[in-house]
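Okay, so here's just one chain, in structure tokens, the form predicted on its own.
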Amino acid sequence: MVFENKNSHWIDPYTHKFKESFKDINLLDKKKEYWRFASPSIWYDKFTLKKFQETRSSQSIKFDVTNYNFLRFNDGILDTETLRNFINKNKNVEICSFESIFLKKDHWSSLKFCQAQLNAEKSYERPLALFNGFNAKDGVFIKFKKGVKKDLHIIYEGNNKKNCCIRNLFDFEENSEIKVYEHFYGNSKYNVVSELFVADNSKFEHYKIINQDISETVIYHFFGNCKKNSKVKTVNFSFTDTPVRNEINLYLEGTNCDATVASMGFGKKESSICDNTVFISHQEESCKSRQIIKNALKSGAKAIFQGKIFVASKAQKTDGYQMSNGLILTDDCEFLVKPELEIYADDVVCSHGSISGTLNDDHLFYLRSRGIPLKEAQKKLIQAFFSEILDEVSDDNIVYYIQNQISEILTL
């Protein structure tokens, strides 16, 4: 993708290209394999707000970010005060809002903008990411300098039922260790694209929490390019009763990369859809990837997992693992799974599997025989079902916070 237009800002040709590419896509084409289980119109619908408010849960327990580095979006617009505070407190970090990019010439992000999305589009079309590309109003562009160790919380709050298109870019230089936590609350509808570029020997952990009080749809695109010896982990938690789609594409373009994608969803109503669409591309040798997806469903909820491991011909000694589990709590739920392996190398260890079922009667009998009431026994088994995902979280405060969310849901 090459553009030349001396009379426009460097980002304008990308915006134009996104728009033209989006026009060429038929969103309702039922032959599109990666939309076979849930139409993109659920999240797009000309990006108008739907009436999900009647399904809205009680107010979420909010994570206290007071003592952390944090940024806040209000109805899709970055709060300038939190941005100033972050800049004043943090050295060896370059940061600006997406909105302010248009005031800057030759910005460092111009060399990387859209490159991770282009890699993601090699696997299949990303129409809602394209839509974001020409509708994004704000976001954050952050460069973490060499050797930096930081934690950052990003709060997305929706108070006025807005359509929010947000575009982020995270750039991690060599030997950096970064944790980013993203929290979604409130009434707004979200279409978020986050591109990340992880340099040699860097480590990135990403946690995304869609809280109970989200009353509209959320689609989040997570596109990453990973260099030599890098480690990337993204863990998603969904507690809302509305549709959520996580599109994740990790492009392992260096040797000895380690990538983990984990997700848990708890669907409690017919309006709930938890969709994880994951593509991990092994391009170099000796890389490892893991996909672990768990969903508990009741009252007509739906969960979708489409996961693929791609292994290029020179990506020898690949270790790829994929497992999805569905806990079906009522008979009217759907757990739809499409695991894939596409392998062009011969020295690999790759596996995939999927298991769905109800709570184990023997386990329930064991707990009840020791005086534990039925509902409490069911609660303990559901909590145990999700424990593998919580084991992926390295922050004890977040683990405690998620456990409280699960406990609150199970008492409703």
Partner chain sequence: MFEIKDLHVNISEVEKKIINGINLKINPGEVHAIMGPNGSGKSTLSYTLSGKEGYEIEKGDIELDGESILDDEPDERAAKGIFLAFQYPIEIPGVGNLSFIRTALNSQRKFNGKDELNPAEFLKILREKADYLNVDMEMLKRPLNVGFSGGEKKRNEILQMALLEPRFCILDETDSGLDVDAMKQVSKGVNSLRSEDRSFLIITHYQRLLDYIKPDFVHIMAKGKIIKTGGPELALEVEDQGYTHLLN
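Positions refer to the first chain, counted from 1. Given the structure is predicted, the values throughout are model-derived calculations rather than measurements.
The protein also exists as the form predicted in complex with its partner chain; that form is not presented, and the subsequent description refers to it.
Using a 4.5 Å heavy atom cutoff, none of Arg72, Ile87 and Cys96 lies near its partner chain in the model of the complex. Residue contact check for Arg370: one or more of its heavy atoms lie within 4.5 Å of its partner chain in the model of the complex. The closest non-hydrogen atom of Ile61 lies beyond 4.5 Å of its partner chain in the model of the complex. Proximity of Lys32 to its partner chain in the model of the complex falls outside the 4.5 Å heavy atom cutoff. By the criterion of a heavy atom within 4.5 Å, Leu374 is counted among the residues contacting its partner chain in the model of the complex. For the candidate set Val65, Ala38, Leu27, Leu381, a heavy atom within 4.5 Å of its partner chain in the model of the complex is found for exactly one residue, namely Leu381. Applying a 4.5 Å heavy atom cutoff to its partner chain in the model of the complex picks out Asp362, His363, Phe365, Tyr366, Leu367 from 350 to 367, in order along the sequence.
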